[in-house]
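Take a look at this single chain, the form predicted on its own, given in structure tokens.
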């Protein structure tokens, strides 16, 4: 439903205000929806059309119950697309609509200008509609139950991608025959150093050259590693190497495409929500609020910024980091001279009048993701002002207890939770284990053991696609272990 006249005029006004602050966004289309329609779109991850699957129905049921019981309310949804699409909830007050529209325009600016979104498909609405049609056709041809069962396994593995691969050139990978297109002679030759003819036998001794030739010949006789190097994009490996039928490969490719589309949102949650919150707060308080709306706005904004003990609110952390960066660059609180100043009173009142804060936050918005954002700008002073701390659960008291306030420790724990989009790093290291075509994955242990229940389910779904036994090598309780699934039973063995 298109916007009523009053809201359409408000949208144009807020668009002009956002542009006046320097925000740059795709054309943004707003739709007015009921709470049931909003919950439906939310269950579809913000898109109006998706392929039929029970997980969307389950998400709709959870969202609807939470809304009906007064536990949560979705104020806005916006899609990274060109044009961007956003939804406004029918029945919201005018101050709610102002806040949401301002928030949406800041999101759209972030989608368009943050480099981590640059590789994403800007016409994903059309792409997802195509996916829905293709999966429906596969269901009609192969049987809806078989397609849905296979789709279940694909969706259960949709986080097994290399979220950083879109930002680096794709490297050639050897297949089952160990051949990546280069001739063996081009891949490996004895090393010879340039030398004058009379020094040849001293610089390149015949015995040394012969030993190299023998090593190269021996290496060529050995079966090539498969894959040649650890492969983090497990879905790509399965697409290319698993014994899939054409329709299965097509379904898996759709799930993989969607996973890569949503990946930047996992990488920039703190920044994206912080940027949108920063700008809706500034636009509302400086340009948009009527005096009678101030209290209502303060209530809505403070609700979004509320922090539960022991948890990180991405809206709150993001907006405060952006405000801190702006203040530091306005006052020149960075650089060698500032960092080496030992007088706390001088540092507290440091102000060179540099005035580059606005320029700096736009630069940050353009090139950072959550990991680099937190790593660079979460300073000792910020941690102290924000009263941040680390905590652990004490089984003796049954309570969460503060364990420290050291900024380095706080940052390390936060970065660990953000690395790889919050997912464990798992790679394919062997696609022909024991020369039986078994699949081996390796977990890069970072101090957190794998959840055995989830690992078991992951191996079950991998087996569905690979059809041969699947293994995961990891550390459990400080010991190297191999988890295995052969299609019927799970085993755990020491390495």
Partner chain sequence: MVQKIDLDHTRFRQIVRGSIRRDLRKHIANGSLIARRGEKTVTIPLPRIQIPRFRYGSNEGGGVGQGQGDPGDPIDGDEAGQGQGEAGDKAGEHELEVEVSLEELARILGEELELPNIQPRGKKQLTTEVNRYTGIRRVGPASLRHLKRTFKRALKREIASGNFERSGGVVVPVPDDMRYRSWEPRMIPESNAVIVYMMDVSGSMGDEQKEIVRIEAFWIDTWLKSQYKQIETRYVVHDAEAKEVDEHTFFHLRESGGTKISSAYELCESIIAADYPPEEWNIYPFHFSDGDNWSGGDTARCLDLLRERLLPKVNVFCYGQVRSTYGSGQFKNDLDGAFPNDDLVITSDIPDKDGIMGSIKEFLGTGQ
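All values reported here derive from a predicted model rather than from experimental measurement. Numbering follows the first chain given and starts at 1.
Below, we turn to the form predicted in complex with the partner chain, even though it does not appear here.
The partner is not drawn, yet in the model of the complex one stretch among 307-315, 236-244, 284-292, 110-118 has residues with heavy atoms inside 4.5 Å of the partner chain: 307-315.
Interface residue remark: residue 26 is not counted as part of the site for the partner chain in the model of the complex, having no heavy atom within 4.5 Å. The partner chain in the model of the complex comes within 4.5 Å of a heavy atom belonging to residue 389. At a distance threshold of 4.5 angstroms between non-hydrogen atoms, residue 398 is in contact with the partner chain in the model of the complex.
Although the partner is absent from this view, residue 213 stays clear of the partner chain in the model of the complex, with no non-hydrogen atom inside 4.5 angstroms. With the partner omitted here, the residue from 363, 158, 142, 327 that has a non-hydrogen atom within 4.5 angstroms of the partner chain in the model of the complex is 158.
Checking 359, 380, 152, 82 against the partner chain in the model of the complex, a heavy atom within 4.5 Å turns up for just one residue: 152. Within 4.5 Å of the partner chain in the model of the complex, a heavy atom is found for all three of 60, 65 and 413. Heavy atoms closer than or equal to 4.5 Å to the partner chain in the model of the complex belong, across 234-265, to no residue whatsoever.
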